[in-house]
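Listed next as structure tokens is one chain, alone, in the form predicted on its own.
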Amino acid sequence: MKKIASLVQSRQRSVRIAATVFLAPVIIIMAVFIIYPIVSTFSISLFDWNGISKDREFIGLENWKMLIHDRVFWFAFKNNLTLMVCSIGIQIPVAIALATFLDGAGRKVNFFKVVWFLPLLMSSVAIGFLFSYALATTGGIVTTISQSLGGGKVDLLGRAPQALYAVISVVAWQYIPFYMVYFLAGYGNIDINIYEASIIDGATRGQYFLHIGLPLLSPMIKSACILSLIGSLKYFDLIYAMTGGGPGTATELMATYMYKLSFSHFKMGYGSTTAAGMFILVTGFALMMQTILKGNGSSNDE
């Protein structure tokens, strides 16, 4: 018995050593690139610092008090919420429709898979510059079409709220392919026997989608909604390249506002406070969304 016990302990020890060896690199990378930056951001938010000089003044929670009453930050947060709602409301349904079409049509529409996926392959900054010229008041595609039909110039990026919705449309155009492939993979995981059984029972393609396909895709739809929510609340690059948060603050987001404070106005302390506030809001919304979706899932299971 003692010999067996010693063998078990030796095996457990070797498993722990192997687990430590394999997990150590991951833990170190997470500590350096995730945990440390978060802790550092909250630490810097307690100082008045321009981000360059060695001297920085400890001011406690003054930056946080300022953030609570910062109208620009909360307006940017409202823009993020608008982007979130529109992203979920546009990207997810359109992506499901495209994935359903591609799954039903089979290999003969492989060409569309490639073409529809192209926007996701392009750089967000490149797309931002491309559409800033395409939607320009003078010489833009929309203005050119309007003038060819006898209309006038169309200013989509120079006025509020048109600028925000124009930017949201471009964001949706870029990320719909991601969710399309995501749901197409979901369709691939559905057993073909289920589809064949439904056809034998007389179900149409529409009935199969509504009563079988869509319910089986619901876990992926929930995950996609959470991904879209998180992405919308921390979005930055395309909008900064396209409008820079303008005109005025019409397309300002939390991330663009944080960037301007930190690297344009050299208010690194207050910029870090904005980043920390953004982290809290994004995390809170993600957890809330996950709780709501889990609650709906458990009630449906019952």
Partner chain sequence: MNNSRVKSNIAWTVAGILAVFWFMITAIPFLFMVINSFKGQFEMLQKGVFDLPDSWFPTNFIGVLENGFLSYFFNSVILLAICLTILLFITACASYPLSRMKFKLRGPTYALIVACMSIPIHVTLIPIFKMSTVIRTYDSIFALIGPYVAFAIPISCYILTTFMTSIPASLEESAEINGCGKFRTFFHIILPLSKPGLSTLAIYNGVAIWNEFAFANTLTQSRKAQTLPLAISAFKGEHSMNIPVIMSVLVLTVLPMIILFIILQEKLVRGLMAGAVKG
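Positions refer to the first chain, counted from 1. Definition used throughout: the rigid core is the maximal C-alpha set that superposes within 1.5 Å between two forms. Computed from a prediction, not measured in an experiment: that's the story for all the values here.
Keep in mind that the form predicted in complex with its partner chain is missing from the display, and what follows is about it.
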Wondering, does Asn189 line up within 4.5 Å of its partner chain in the predicted bound form on heavy atoms? yes
| Contact flag, Lys78 vs its partner chain in the predicted bound form, heavy atom cut 4.5 Å | no
**Request:** State yes or no: in the predicted bound form, is some non-hydrogen atom of Leu46 no more than 4.5 angstroms from a non-hydrogen atom of its partner chain?
**Result:** no
*asked:* Is Leu61 near its partner chain? Define near as a heavy atom within 4.5 Å, in the predicted bound form.
replied: no
| Thinking of Leu130, Val181 and Tyr259 as the candidate spot, does its partner chain come within 4.5 Å of a heavy atom on all of them in the predicted bound form? | yes
Of the residues spanning 138 to 153, the ones with some heavy atom within 4.5 Å of its partner chain in the predicted bound form are Gly139
Rigid core superposed: Ile280 CA moves 2 Å or more between this form and the one not shown
no
Quiz prompt | Ile145 C-alpha relocation of at least 2 Å between this form and the one not shown, rigid core basis | solution = yes
C-alpha of Val26: shift of 2 angstroms or more between this form and the one not shown, rigid core aligned?
yes
Working note: in the predicted bound form the C-alpha atoms of Val282 and Val125, off by 3 Å or more, come farther
Checked in the predicted bound form: CA of Val26 to CA of Ala185 differs by 3 Å or more, atoms lying closer
